[in-house]
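Consider the single chain below, provided in structure tokens and representing the form predicted on its own.
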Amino acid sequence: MSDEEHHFESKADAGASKTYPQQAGTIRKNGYIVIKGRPCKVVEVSTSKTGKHGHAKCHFVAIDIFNGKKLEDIVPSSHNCDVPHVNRTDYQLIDISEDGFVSLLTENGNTKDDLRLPTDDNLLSQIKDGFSDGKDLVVSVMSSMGEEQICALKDIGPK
């Protein structure tokens, strides 16, 4: 045994998995599912019964939560699907830089400077207009599978 102290750098997620398994037959509309490696929100589920020895199959229609693309998948209802861990966090907007990055204030008083402005034109213009008017804005950031994106905006009044 050595007398040295060991210091481990801790990470926020402690190496936790980005997804968890869930039986396909239990995934419902408005739930989440991974299709083609992308985290998606389920918009339609239909279950089909098959012949004597086949599996019942679930047909999922889902929309990618980050880029809005529609994806489809068909999975036997007794099999497991990957379901992404989706987190939503609110941050106060401090600044918008020239290169399209935002500066956000976290709950513990630190700043988060690694997020880009959203690609959605409507949300983008709301954020820029509100910020230039001097309003106090709170943005909701959705994170899943190592990706993060601003998905919503709240106005908490003037500064």
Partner chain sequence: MQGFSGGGDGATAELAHLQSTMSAIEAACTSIQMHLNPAAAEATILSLSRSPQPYKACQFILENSQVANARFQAAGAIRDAAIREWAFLTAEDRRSLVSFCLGFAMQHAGSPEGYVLAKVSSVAAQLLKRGWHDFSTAEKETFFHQIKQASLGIHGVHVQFIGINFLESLVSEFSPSTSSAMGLPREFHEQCRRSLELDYLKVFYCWTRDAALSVANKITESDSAVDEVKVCTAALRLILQILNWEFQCNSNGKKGVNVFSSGIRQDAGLSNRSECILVQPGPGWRDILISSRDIVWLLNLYTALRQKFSHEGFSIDCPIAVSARKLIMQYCSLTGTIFPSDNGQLQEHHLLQLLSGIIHWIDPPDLVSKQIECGKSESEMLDGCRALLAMATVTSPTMFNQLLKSIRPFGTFTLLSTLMCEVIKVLMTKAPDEETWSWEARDILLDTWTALLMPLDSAGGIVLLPPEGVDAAATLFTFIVESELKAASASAFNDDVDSDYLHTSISAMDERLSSYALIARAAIDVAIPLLTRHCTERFTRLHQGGGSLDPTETLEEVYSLLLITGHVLADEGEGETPLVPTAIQRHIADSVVPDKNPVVILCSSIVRFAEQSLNPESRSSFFSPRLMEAIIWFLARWSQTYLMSPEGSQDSSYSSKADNMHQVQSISSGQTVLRYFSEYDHGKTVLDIIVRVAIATFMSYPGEKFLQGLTCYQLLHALVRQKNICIHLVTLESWSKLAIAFANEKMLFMLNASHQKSLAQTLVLSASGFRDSESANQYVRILMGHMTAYLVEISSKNDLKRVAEQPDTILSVTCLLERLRGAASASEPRMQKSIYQMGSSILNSTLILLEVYKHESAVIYLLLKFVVEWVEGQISYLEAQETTVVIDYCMRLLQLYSSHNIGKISLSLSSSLLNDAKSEKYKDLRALLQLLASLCSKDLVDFSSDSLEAHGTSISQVVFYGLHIVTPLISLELLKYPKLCRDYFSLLSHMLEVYPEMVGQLNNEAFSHILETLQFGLHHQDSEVVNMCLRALRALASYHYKETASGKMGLGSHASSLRNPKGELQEGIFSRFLRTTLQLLLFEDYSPDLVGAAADALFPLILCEQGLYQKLGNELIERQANQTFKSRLTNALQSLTSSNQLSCTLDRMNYQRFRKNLTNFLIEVRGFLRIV
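Numbering follows the first chain given and starts at 1. If you superpose the two forms and keep the largest set of C-alpha atoms that fall within 1.5 Å, you have the rigid core. The model shown is predicted, which means the values in this text are computed figures rather than measured ones.
Heads up, the form predicted in complex with the partner chain isn't pictured, but that's what we're talking about next.
Trainee: Give a yes/no on whether Ile94 approaches the partner chain to within 4.5 Å in the model of the complex, heavy atoms considered.
Mentor: Taking the distances in the model of the complex, the answer for Ile94 is no, it never comes within 4.5 Å of the partner chain.
Trainee: Answer for Gln126 alone: is it within 4.5 Å of the partner chain in the model of the complex, judged on heavy atom distances?
Mentor: Yes.
Trainee: Please tell me whether any heavy atom belonging to Val45 falls inside 4.5 Å of a heavy atom of the partner chain, as the geometry stands in the model of the complex.
Mentor: Because a heavy atom of Val45 falls inside 4.5 Å of the partner chain in the model of the complex, the answer is yes.
Trainee: Should Leu71 be classed as touching the partner chain in the model of the complex when contacts are defined as heavy atoms within 4.5 Å?
Mentor: Leu71 lies outside the contact set for the partner chain.
Trainee: What are the residues of 46-60, in order along the chain, with a heavy atom within 4.5 Å of the partner chain in the model of the complex?
Mentor: Thr47, Lys49, Gly51, Lys52, His53, Gly54, His55, Ala56 sit within 4.5 Å of the partner.
Trainee: For Asn122, state whether the C-alpha moves by 2 Å or more between the shown form and the other one after rigid core superposition.
Mentor: The answer is yes; the displacement is at least 2 Å.
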